[in-house]
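To begin, one chain is listed below as structure tokens, in the form predicted alone.
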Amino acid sequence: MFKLAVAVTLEEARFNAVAKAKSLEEVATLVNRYGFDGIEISIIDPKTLDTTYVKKILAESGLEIPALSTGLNYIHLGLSLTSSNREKRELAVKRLLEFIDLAERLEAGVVIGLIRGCIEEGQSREEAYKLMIKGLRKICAYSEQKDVQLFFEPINRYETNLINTVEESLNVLEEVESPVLKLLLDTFHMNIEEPKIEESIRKASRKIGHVHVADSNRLAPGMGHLDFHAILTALKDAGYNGYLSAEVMIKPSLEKVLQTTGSTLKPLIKNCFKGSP
């Protein structure tokens, strides 16, 4: 059975597809009210997150953290695995290892989205790709020791020029060859890049580790034109039964996002698993 989560940040973040919250308690209260199961947290420096405090909130609320998002490190600090600046590449790897340490303590996964990098001016695609694979192998080797799942996300062409599609991402997984490296599928990016979302989901069968849900306009599911009945059916057919995490623009409010996401997806989830043991 799929679980529902929402992506939030406690930072002053330059990224609009995530809820900005004053405190984790505030988010946990709202998430519980609307019957969600988890909170995906987007942060810059994982060392600044008080694990004891977070675990206390999780214990009191009965919630989970399915994933820690790392993209703010690219947006705010320019850290990436493909940076032409060696120091920034090394800092990107170091930062991801710190995320893995935190994820181990919180029993979460780690998202590798924008931090994987792009093809910079003066770089060839081959050079950027090799740097990305080299960095991923280092990170995966460490993550295997910690038994932490890594979620590699294909992102649309308007946000990065390196690895946009499910097929390209599956090739990355095949080249890295790590049991902890899985795909993160995001319905917003897929709506731009995939000829047919459901076929691409089925192509990724048994390789999916995490799912971001957003409608065609990056608003909450139900506020655009995506066919979430077909999408959830394809995910079930692909053997996925994890989290559907709403990474969306928060309009008009977080409360409305939770309400709309829940009212759209919960009946579809129930119908999708009708008759399942």
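Everything numeric here is computed off the predicted structure, so don't read it as measured data. Note that residue numbering begins at 1 and tracks the sequence as displayed.
There is also a form predicted together with a small molecule; it is not shown, and the following applies to it.
Taking non-hydrogen atoms only, K182 never approaches the small molecule to within 4.5 angstroms in the predicted complex. Interface membership of R218, defined by any non-hydrogen atom within 4.5 Å of the small molecule in the predicted complex, is confirmed.
Although the partner is absent here, E159 is a contact residue: one of its heavy atoms lies within 4.5 angstroms of the small molecule in the predicted complex. Contact annotation for L114: at least one heavy atom lies within 4.5 Å of the small molecule in the predicted complex. Of the residues given (I155, L96, A108, A128), I155 alone sits with a heavy atom within 4.5 Å of the small molecule in the predicted complex. Of the stretches 195-203, 165-173, 97-105, 182-190, only 182-190 has residues with a heavy atom within 4.5 Å of the small molecule in the predicted complex.
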